[in-house]
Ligand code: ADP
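Heads up, the chain below is alone and in the form predicted alone; it's given as C-alpha cells.
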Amino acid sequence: MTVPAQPELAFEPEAQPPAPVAAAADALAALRAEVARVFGIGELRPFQEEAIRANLAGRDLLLVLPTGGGKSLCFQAPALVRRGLTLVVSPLIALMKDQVDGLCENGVAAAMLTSAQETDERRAVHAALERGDLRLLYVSPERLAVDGFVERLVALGLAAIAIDEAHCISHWGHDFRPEYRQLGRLRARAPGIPLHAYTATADERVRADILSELGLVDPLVLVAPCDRPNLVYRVQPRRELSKQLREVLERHRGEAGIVYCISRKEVERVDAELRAAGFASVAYHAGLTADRRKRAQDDFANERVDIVVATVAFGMGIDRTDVRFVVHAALPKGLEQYSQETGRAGRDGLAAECVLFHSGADYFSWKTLMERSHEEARAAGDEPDATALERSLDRLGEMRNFTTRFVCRHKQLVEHFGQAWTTPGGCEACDVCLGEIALAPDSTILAQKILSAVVRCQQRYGAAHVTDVLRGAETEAMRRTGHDQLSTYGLLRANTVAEVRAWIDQLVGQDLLRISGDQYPILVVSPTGSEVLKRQREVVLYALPVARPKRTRGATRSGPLDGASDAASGGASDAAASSADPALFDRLRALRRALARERGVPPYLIFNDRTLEQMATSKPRTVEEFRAVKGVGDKKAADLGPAFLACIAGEG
C-alpha cells in the first residue's frame, strides 16, 4: 500500500500562541487554505465551520447534517492541519473504502483496516501507523474490540475519534447496530481524546441516546436544517407499477437511480422487467451471494449500470453523487428510513426526483413482517423488546400518514425531525406545492358516501369490499352478503378502483376512518368521521396525481449544498449549470469514466457532475483557470488537468 506524503503541518496544538483567540483564528485560516488546496473548496458552510472549530479545539461534538451537506469534511479537514492521527469509526467496508479512495485521490494520507484485506495490505497499514505517516485511519466498531488496539493508537499519537453514522448506536434509531454499543467504552480506553459523533438523521430522542451512550463531555451539539431543497418529492397511489415506474425512468433515461422494493421477490421481478424494457439495471438484496452483491455495487458505482433495484439492504456506503432519482415501489418502514433513502439522490446538489408509490396493503405487509419477526425471536428463546415493536409500528403509522396528508412534503419532513418550517408559501419542489394534485370535487359529500358505505357494511369489511360496494361491483360476494341491495351500492360507479382506494387511504390518513383487526383488517368510522356524517365537519380530498413533465436540473427553490458529496463540493449557480455545453459535458463524463477505470476507483471520486458542469460552462483553457473550478484541488489539477484541458480544447 502506498501512502501519500504528508503536507507540512499547518497547526500544532502544543505550540504556545500569543493569545488563544489569535491561535484559533490562525488555525482556522490554515485549515481553510488546506481545504482549498486539497479539495478545491473555497468556503465552509456555517455548520461545517462551527463543527470544525470545536474539532480543532478538542471539544466533544455531535453533528447532525443532512446527506450531501459536507459531513465528512468536518472530520477530514481538521486531520489535514492537526498533529496526530484521526480515527474514523464506520459501519461498512464499502463506506470506508469509498472515503479512503477519495482521500487518496486528493493526496491525503488515509488508510483502513478491515477483515477483507490481505495480510500484506494490513501489514503495510500497521507499518504506516508506526512511522506516523497516516492522517486518518478508518476501522469498523468490531476492530475496536480487539484487546490493546485502541491503547496502541493512543500510544502512537491518536488525536481525535470520529464516529460516523452515529445513529446506529441508538435503540431509538431506525438502523440500530448492537456492535455500536461497545463504543461507549472508548472514553475509558482513550482518556482525554475528544469524541466526535456524526450522523445525517437523528431526532431528539436519538440525539440524547448518542450523547448518553458515548459519554460525551460538555459536547457542542449542532443540528443543521434537515431540508434537502434540491429534492423533488412526489407521492402517488400504486396502480400499475410497471407502467408508473417506466414513466419515471423514461424521464431519467441514461441517468443514475435507485428503485427500492419491499421484498426480494419483487426486486427480481422489477429488475427483470426493466432489463427487458432496455434499461441498464441490476438487482441487489440480502438473498444474493456476497460476490453478486459486491458486483452489483461495483457496477453501479462505476457507471456500468444506471439503475439498482434493491431492498433496503442497499444504500449505506453508496456515495455516487449523480443519483438523479430514487423510487420507492412500496411504503418505507418510517420517515427516518424514507429520508435516508431519498437522501441518496442529488448528493451533488443538483435537482433530483424522489417518487413514492404506495397502497393500503403496504402498511399491513410491513406490520405483518414486524410482528412475525417479533414472534420468531420469542419462539427462538429470545426475549424481544415489546417497546421496540411498538416504536416500529408507530414509525410505520407516521409514514402512512405522510402519504395521505396533502401538505407540503418538505414541510412534513422538516417538522417530523423537530424543526420549524420557515419558508413562506410553497416549497416549489413537491407534488403538493407544484399543483400536481387537484382537489376532488365535492370532497365532503364524497367522504360522506364512503363513510356511509362503511357503516352500511356494519364496519365488518375491509377496503377492497367497501370499494366494490361503492363501485357497484357485480360479484358473488356482493350477492352473498346482500350488499348489492345497500343504498350506497354503486354510488361511485363512475370512479375507478384506484380513485376510490386513494380516497379511502386519505380518510384513514385524516383519522376519519380507522383500520381494525390484524389478520383480516376492517374499516371502522372514527369519532371525527362520525362528525363528517353528521355534517359537523368539512373534508378535503384530492384527486389522483396529474402526470407532469420532467423538471430540469437546478430548478429548485435554492442552490446546491456546499460540501456536496461530503469532501468534494460543487458550487456552480443553477444558472451556470443550465448553461453548460451539453456535448462537452458528455465528453467530460466519458473521460471521467475512462480515467476512473485506469485508476480503479468510481468515477465520482474523480470529479462530481457539478464540477464537470462548471468545466462545461466556463471552459477553462489554462492550468490556472482549471484550478479555479470548485472541486479541483492541487493534486487533481496536476494529475488530471492535462487530460481534462485537452478534452475541453477538443483534443481529447
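Predicted, not measured: the structure shown is a model, and the values here were computed from it. Sequential numbering from 1, following the sequence displayed.
The form predicted together with ligand ADP exists for this protein as well; it is not shown, and the discussion that follows is about that form.
Taken together, 44, 69 and 73 are fully in contact with ligand ADP in the predicted complex: each brings a heavy atom within 4.5 Å. Stretch-level contact check against ligand ADP in the predicted complex with heavy atoms at 4.5 Å: of 44 to 52, 26 to 34, 592 to 600, 617 to 625, the positive one is 44 to 52. Ligand ADP in the predicted complex is approached by residue 347, whose closest heavy atom lies within 4.5 angstroms of it.
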